[in-house]
Structure formats: C-alpha cells, structure tokens
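Shown next as structure tokens: one chain only, the form predicted on its own.
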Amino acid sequence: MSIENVAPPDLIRVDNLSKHFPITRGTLFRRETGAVKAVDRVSFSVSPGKTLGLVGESGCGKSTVGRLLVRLINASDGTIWMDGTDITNISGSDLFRRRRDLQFVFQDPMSSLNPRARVDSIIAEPLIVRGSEAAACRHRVAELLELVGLSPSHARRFPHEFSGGQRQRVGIARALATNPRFIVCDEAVSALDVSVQAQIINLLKRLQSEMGLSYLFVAHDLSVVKHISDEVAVMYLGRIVEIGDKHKVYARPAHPYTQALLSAVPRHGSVARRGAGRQVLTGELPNPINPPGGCPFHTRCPQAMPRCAIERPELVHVANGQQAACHLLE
C-alpha cells in the first residue's frame, strides 16, 4: 500500500468511557445510595481535521462526554487517548500543557463570558495564564477577532453590547487563542436563530479547513449535524446506539432510535407534509436513575422483542464503517 493511502492515526480515541454520578442521601452523614450512569461504556475516535457529530435527546449524556474529553470532569472508568497518549488521569503541569490542544465552546455565550470583562480581556485570558506579554496579547486578540469575523475595534466592548451570534464568535475566538487541535462544540448553535446558525456553522467549517481543527459537535438537531459532521454517533441513555459515516447513517439508519429521530426531521415536498413514513416515539425517556434492563430503548421501540427486555445489545457492524446496537441486526 502506498503511503498516500495510509489513514492518519486518530487524534482522539475513547475506549469504554464511563461517568457515574453518585446519588447520596442524608444531611449530616451522607451516604451513597446509587449512581446515575450519565455515560456508560462509550467508544469512538476522531481523526485529524474531521468532525464527529454527537446527537440524541436531552439528558442522554452528550454534554458529559464533551466535558470528559477536555477533562473538565474526571471519568469513572475507561480511557481517553490523544495522539496515542493516555490523558485520562493526567493532572498538574501535564494537564496544563495538554489543555493547550483541547478547548470548549459552550452553548450559551452570554453565561460563558464574564459580563464584567471586556472582550479583549476575555480572549486574552488563556494567553496571559500561559505567560504571554501584553503587546503579544493585544496583537493576538486583534488577529483572532478578524479570524472569527469581528472588527478589532470591538475589543473594548462588553459582552452585552454584542448580539447572540457575535457573542458566540467571541467564545470561538477565546477557544482558538492557544491554537488548539481539538474543540468540543457543546450545542454551540442551538441558542441562535436559524440564519445565524448557518453563519456560525460556515465559520466553524472555514476554521477547520484553514487550521486543521478537529471537532466533537454536540447537538440535538440532526439537520445541523448533517452539515458539519463527517461521522455521526447517536446516543441514548448514556450509550452510543449507532455510529458511522454520516452519508450512510442518514441514508440508511440501522437502529430504530436513529430511524425515529431522522423521520422527525422536517423535509420538503408534498409527501413529507402529509407525514408519510414518520415514526413517532411513544412514552417518556426512562429515568436515568433507574434505567430499564436489557436494551435501554426497548420501552419505546416499535420493533421490540421479548429478548430486548432481558439482554443488552452490543454494537455490531452493519455496513462499511457503520455500527449499531440492536438485536434485530444480529
């Protein structure tokens, strides 16, 4: 095989990643009575310069995965690899150095930006922490503002003087300050108008092309994820139920949950307007404190079998680069 055809190694890889939040009771003497499995044995990888879209209903664990990857919270189990190095439990100076490459763009730009600080201070903070001189910080801030489509003359404004889309651009500029290689975008466009969403998505794609960035793009809107992602992972109750190339997943979803999510995406045309082929999920999302046994989706699945209530399915290959966790595929 020629060297041009060799795939680049994964930038990020997670193996059986889990995060369990303890449930405690008592006032003076608190005792642990259980745990919420927010993320349960999740595995995936992200290649250099690529985007993995992570989708699912609210409360499925998407944002927790993002926070685990950039080490805002610690994993309960599993391994996080970056460039082949285990970063799951690094701390101190090792974590400080690694965080240059790992950044986060939050959902609500207003709450993630200090309302009492001017934009130049907000963007320059990561540089100051790493010892950059004042003149270098000013030059870098102006450069970053232009990079995200804002004027350097806006540097002395406060966050409340910007629109929602502009504030998100400030958040992206701050994330880019240390020249990261991997950025988690946690519902980064969900609080914006549709037209502004498109502008931010186009900005992220341009930055990826120019800077070679890799993204984990967390969202619940599958139509948005389709425009920016290379691969898509679908989560349900803390587990990935389907993952693969976006073209294959969108064209032929294998898991009943993915099929239901995609059938709810608005489409053009008279057939779509009549609701032909739409699958409506019945019932509520199960309580993550007491999830159902077997397949977690069986309580809402229109194709559930008796086996589904007893045995939890594992991811199996259903096509080239596409996997799904469903007994119907075995």
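All residue numbers refer to positions in the sequence shown, first residue = 1. Bear in mind that the values here come from a model prediction, so they are computed numbers and not experimental data.
There is also a form predicted together with a small molecule; it is not shown, and the following applies to it.
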query: Listed residue that, although the small molecule is not shown, lies within 4.5 Å of it in the predicted complex (heavy atoms), from H220, K226, R118, K248; finding: H220
query: Sole residue of L261, L52, A38, V42 within 4.5 Å of the small molecule in the predicted complex, by heavy atom; finding: A38
query: Contact flag, L68 vs the small molecule in the predicted complex, heavy atom cut 4.5 Å; finding: no
query: Contact test in the predicted complex: E187 vs the small molecule, heavy atoms, 4.5 Å; finding: yes
query: Residue contact check: T282 to the small molecule in the predicted complex, 4.5 Å heavy atom; finding: no
query: Proximity of P48 to the small molecule in the predicted complex, heavy atoms at 4.5 Å; finding: no
